[in-house]
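The form predicted on its own is given below as one chain in structure tokens.
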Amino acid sequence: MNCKTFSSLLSNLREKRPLVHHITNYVTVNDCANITLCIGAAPVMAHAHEEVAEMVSMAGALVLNIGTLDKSQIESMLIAGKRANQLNIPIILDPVGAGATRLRTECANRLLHDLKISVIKGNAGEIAILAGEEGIVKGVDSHGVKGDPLSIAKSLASSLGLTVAMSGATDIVTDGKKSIFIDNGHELMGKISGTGCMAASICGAFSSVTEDSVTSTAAALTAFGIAGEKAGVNNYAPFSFKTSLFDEVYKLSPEDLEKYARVRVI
């Protein structure tokens, strides 16, 4: 696959420095803010009912993450999401822990029903649950699915008319018609909390510079995966790796995306 489009998107987002509005969890909120800065965008974390509609009006993308959910936050997501839809601002949904509890599953489904979501980014278990298939989710971790992951991702994308990003050793991005496998990444990315949340932030940044959500999401996950591979070269333990991961995202060049991308169009 020719990845010049990926490199162009990275150049564009660093030139435009779009604002990415997050309504997210308190575990990884600082990591999400910093990874957004490192990729070249500008983060804002705002959840108060009184300001979310105003704040999202300035943004290039809205990232919703249900990792530490409560009723007030759900209302904030709906207010911000409806305003984003009015302004055609892309929404990235990270359905953290969907399938682990009824609250999370019902919230994710309500957001998908009441809002026009552009991209769902989740692990295999979360995506399977939302697709109505059998997935195993413990806490916020996936413990596998029954069935073919690509078929499940395509089924959900087709039924909802959006882009699905299923994370794993090989990431899958699909809109139900075009599917991309991404083999970039490093095993230590699964040993620190927040890499999934950070991936959603980067997806938000890329989505703000193109309307092609399959390409923007694939570019985002490829960029993050390459940075992970570079961070893993000289770091063998989670916390030194985490520090290096931020540095490598910051240093990542458009040329790196063309040179190191390992992607397959299915």
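Treat the numbers as computed from the prediction; the structure is a model and nothing was measured. Note that residue numbering follows the sequence shown and begins at 1.
What comes next is about the form predicted together with a further copy of the same chain, which does not appear here.
Visitor: So which of 86, 159, 101, 151 gets a non-hydrogen atom within 4.5 Å of a further copy of the same chain in the model of the complex?
Guide: Of the candidates 86, 159, 101, 151, 101 is the one lying within 4.5 Å of a further copy of the same chain in the model of the complex.
Visitor: Let me know the one among 146, 110, 82, 191 whose heavy atoms come within 4.5 Å of a further copy of the same chain in the model of the complex, would you?
Guide: The option sitting close enough to the partner is 191.
Visitor: Verify the contact flag for residue 242: yes if a non-hydrogen atom of it lies within 4.5 Å of a non-hydrogen atom of a further copy of the same chain in the model of the complex, no if not.
Guide: Result yes; residue 242 sits at the interface with a further copy of the same chain in the model of the complex.
Visitor: Would you check, heavy atoms only and a 4.5 Å threshold, whether residue 252 touches a further copy of the same chain in the model of the complex?
Guide: Residue-level check for residue 252: no, no contact with a further copy of the same chain.
Visitor: Can residue 212 be called a contact residue for a further copy of the same chain in the model of the complex at 4.5 Å between heavy atoms?
Guide: Because no heavy atom of residue 212 falls inside 4.5 Å of a further copy of the same chain in the model of the complex, the answer is no.
Visitor: If you check in the model of the complex, is residue 228 within 4.5 Å of a further copy of the same chain, heavy atoms only?
Guide: Residue-level check for residue 228: no, no contact with a further copy of the same chain.
Visitor: Using a 4.5 Å heavy atom cut-off, indicate which stretch of 118-126, 86-94, 165-173, 102-110 touches a further copy of the same chain in the model of the complex.
Guide: Of the options, only 102-110 has residues within 4.5 Å of the partner.
Visitor: Within 4.5 Å of a further copy of the same chain in the model of the complex, which residues of 56-70 have a heavy atom? Give them in sequence order, or say none.
Guide: The stretch touches the partner through 58, 67, 68, 69, 70.
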